[in-house]
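Have a look below at one chain only, the form predicted alone, in structure tokens format.
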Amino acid sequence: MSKKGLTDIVPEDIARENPAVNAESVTKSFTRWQRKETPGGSDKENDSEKEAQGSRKGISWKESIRTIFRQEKKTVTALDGVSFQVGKGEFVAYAGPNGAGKSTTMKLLSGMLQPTSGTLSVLGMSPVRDRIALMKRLGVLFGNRTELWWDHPVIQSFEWKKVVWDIPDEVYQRNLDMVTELLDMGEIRNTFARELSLGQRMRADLGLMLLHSPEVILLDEPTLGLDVVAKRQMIDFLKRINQEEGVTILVTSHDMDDLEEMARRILMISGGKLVYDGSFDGLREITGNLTHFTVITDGRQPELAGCRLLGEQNGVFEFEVDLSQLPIRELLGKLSKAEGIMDMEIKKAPIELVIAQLYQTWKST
């Protein structure tokens, strides 16, 4: 399916008279210089040949080298006319392949970058003009960076933020107690940041970000590199503050299963353009309503026309079927006639598979 087809699918109307995040026709372009290789490549054989040819023509060695590479000015469009809204209290996933523009969007919303064109607002404020006022109500966390003081205990970073951000004593203590309990930070508060594991550091960074009670938080790959336990703690905590505190969350990740568990809505971006805005089930419908099912047999492999065998182990066969092509009633009819079936289970196709198929579609268009 083409990208144009994907943009025609939109979620049900949601009341966002006063959205927490609003992006209108946002474009962000970068100009960069890069070395452009001349035709013929730059491997050693080509280089030697070029130098020899240059000598024969009376061209100096330096001039010959200059012919191999030259500087080229290139304009890269990271975002191209992106528009979306996030209502207050929503938990929204923001996904796309590498280089799609996810991190650029996060930097624009937090005021680190300025858009080339279009308008952005967070909590009714401009991330550029009102950055100081906005940061008092906004939280930002990049999974590959830390704000902790590397050679000091975690609690000193927390106390530093309290002073610099002028957080009232009662607000600071309440939030410190909350993140300590819910993020299981009791044993790491007095640990030097440099001695923390990745999961512990991510929990500490998340706790640090929440000390000033932000109303909107932007998370860029918060579960990057975390083990199963640390990831579970992170996801449960984010879901809790969204549901109980009404915190608006916009999160990016390459782990689609994590995003599906956390968020109710997903924005997908590819090549700098917004190509999907809707539910995770809607994504499955785009790819043809793929479904996986397993059957337990007496050892015989069932013959099921219209179903693709994915694998078999100890008499358990896993199949894939497109329910838009083979309705569930027909599938059950085939299963009832197959010999040797003892049990079965039907489940949705993993969202990772759905997204992978979409990425391949986008690359080919």
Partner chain sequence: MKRKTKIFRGIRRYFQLLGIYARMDLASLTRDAKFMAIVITADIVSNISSIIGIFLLAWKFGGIGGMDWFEVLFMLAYGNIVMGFLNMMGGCNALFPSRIIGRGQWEHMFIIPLPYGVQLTVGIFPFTGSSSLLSGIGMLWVAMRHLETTLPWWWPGMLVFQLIASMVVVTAASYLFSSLAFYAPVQCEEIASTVVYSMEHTKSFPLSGMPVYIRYPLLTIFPAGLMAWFPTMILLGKTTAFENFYPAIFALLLSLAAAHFFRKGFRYYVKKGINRYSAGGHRS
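Note that the structure is a prediction, hence the values are computed from the model and not measured. Residue numbers count along the first chain shown, from 1.
Heads up, the form predicted together with the partner chain isn't pictured, but that's what we're talking about next.
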item	value
Partner-contacting position among R129, R240, R264, K136 - heavy atom within 4.5 Å of the partner chain in the predicted complex	K136
Contacting member of S213, Q85, T146, S279, with respect to the partner chain in the predicted complex [4.5 Å, heavy atom]	T146
is_contact(Q156, the partner chain) in the predicted complex, heavy atom dist at most 4.5 Å	yes
Partner contact for G111 in the predicted complex: the partner chain, 4.5 angstroms, heavy atom	yes
Contact of F192 with the partner chain in the predicted complex (heavy atom, 4.5 Å)	yes
Heavy atom of A230 within 4.5 Å of the partner chain in the predicted complex	no
Output flag, H254, R284 and S336 jointly within 4.5 Å of the partner chain in the predicted complex, heavy atom basis	no
Residue stretch of 170 to 178, 243 to 251, 87 to 95, 103 to 111 approaching the partner chain in the predicted complex, non-hydrogen atom distance within 4.5 Å	103 to 111
Neighbours of the partner chain in the predicted complex among 161 to 182 [non-hydrogen atom within 4.5 angstroms]	V163, V164, W165, D166
